[in-house]
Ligand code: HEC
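As structure tokens, one chain now follows by itself in the form predicted alone.
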């Protein structure tokens, strides 16, 4: 059993060591913040995007960095998952991206607003969050993973929102299995450039695709026979 002087010494030494450890860990944490938050990548566009995120109360439906509501998808890694074209499409007309399904409000964002929000999401996705959010495993196993790896990035980020291929993807639009046997390259090219010119009244929106992305999709879809 400790004497009073020993107990006092134990308390003071223990408290001192814990305080030193706490201060050291705090200093170490703060020294890591600039690198982990990608401070050098915070441009004026990123700042403006953050202001738009807050002023439009996006956290009322979405989460970012694990904070916010859980009504709509988590957006920390949305740039990595969906890419710029998809984000711009959602910010332009959510209902057109998900006909009859998506409940997101249509905001009157200018092109500069969209560019700022894309920059903000791109920055957010690059922040080092020690593995958060985790990458979910694919339920279909390695064979399905191999199939997904052969798909162009623009297809995985944009087309699978509404269409399915090899059993993976959305159900809003028709399945793209065997699309290369049904449609030729010229038709696919015209359709991807502006679906409403090919079929007035179609639910498929005009996607903000570059000429290079259209050609990549034409080649990929044409191979699905």
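Between two forms, the rigid core is defined as the largest C-alpha subset superposing within 1.5 Å. Residue numbers count along the first chain shown, from 1. Owing to the predicted nature of the structure, the values given are computational and were not obtained by experimental measurement.
One more form of this protein should be noted, the form predicted in complex with ligand HEC, which is absent from this view; the next part is about it.
Colleague: Within 4.5 Å, heavy atoms only, which of 164, 58, 46, 64 is in contact with ligand HEC in the predicted complex?
Modeller: None of the others qualify; the residue that does is 58.
Colleague: Pick from 193, 182, 39, 32: which residue has any heavy atom within 4.5 angstroms of ligand HEC in the predicted complex?
Modeller: For this set of options, the contacting one is 182.
Colleague: Should residue 169 be counted as a contact of ligand HEC in the predicted complex, where contact means heavy atoms within 4.5 Å?
Modeller: Close contact is absent here: in the predicted complex, residue 169 is far from ligand HEC, nothing within 4.5 Å, heavy atoms only.
Colleague: Does at least one non-hydrogen atom of residue 122 fall within 4.5 angstroms of ligand HEC in the predicted complex?
Modeller: It does not: once ligand HEC is placed as it appears in the predicted complex, residue 122 has no heavy atom within 4.5 Å of it.
Colleague: Does any part of residue 210 reach within 4.5 Å of ligand HEC in the predicted complex? Heavy atoms only, please.
Modeller: Outside the cut-off, so no.
Colleague: Looking at the partner-bound form in the predicted complex, is residue 116 within 4.5 Å of ligand HEC by any heavy atom?
Modeller: No, residue 116 stays farther than 4.5 Å from ligand HEC in the predicted complex.
Colleague: Heavy atoms within 4.5 Å of ligand HEC in the predicted complex is the criterion; list the residues of 181-217 that meet it.
Modeller: Heavy-atom contacts to ligand HEC in the predicted complex: 182, 183, 188, 191, 192, 199, 202, 203, 204, 205, 207, 209, 217.
Colleague: If you line up the core, does residue 181 shift 2 angstroms or more at its C-alpha between the shown form and the other one?
Modeller: Residue 181: C-alpha displaced by 2 Å or more between the shown form and the other one.
Colleague: Quick check: residue 68 between the shown form and the other one - does its CA shift reach 2 Å or more after fitting the rigid core?
Modeller: After core superposition, the displacement of the residue 68 C-alpha between the shown form and the other one stays below 2 Å, so no.
Colleague: Once the core is aligned, please say if the CA of residue 47 is shifted by at least 2 angstroms between the shown form and the other one.
Modeller: No: residue 47 shifts by under 2 Å between the shown form and the other one.
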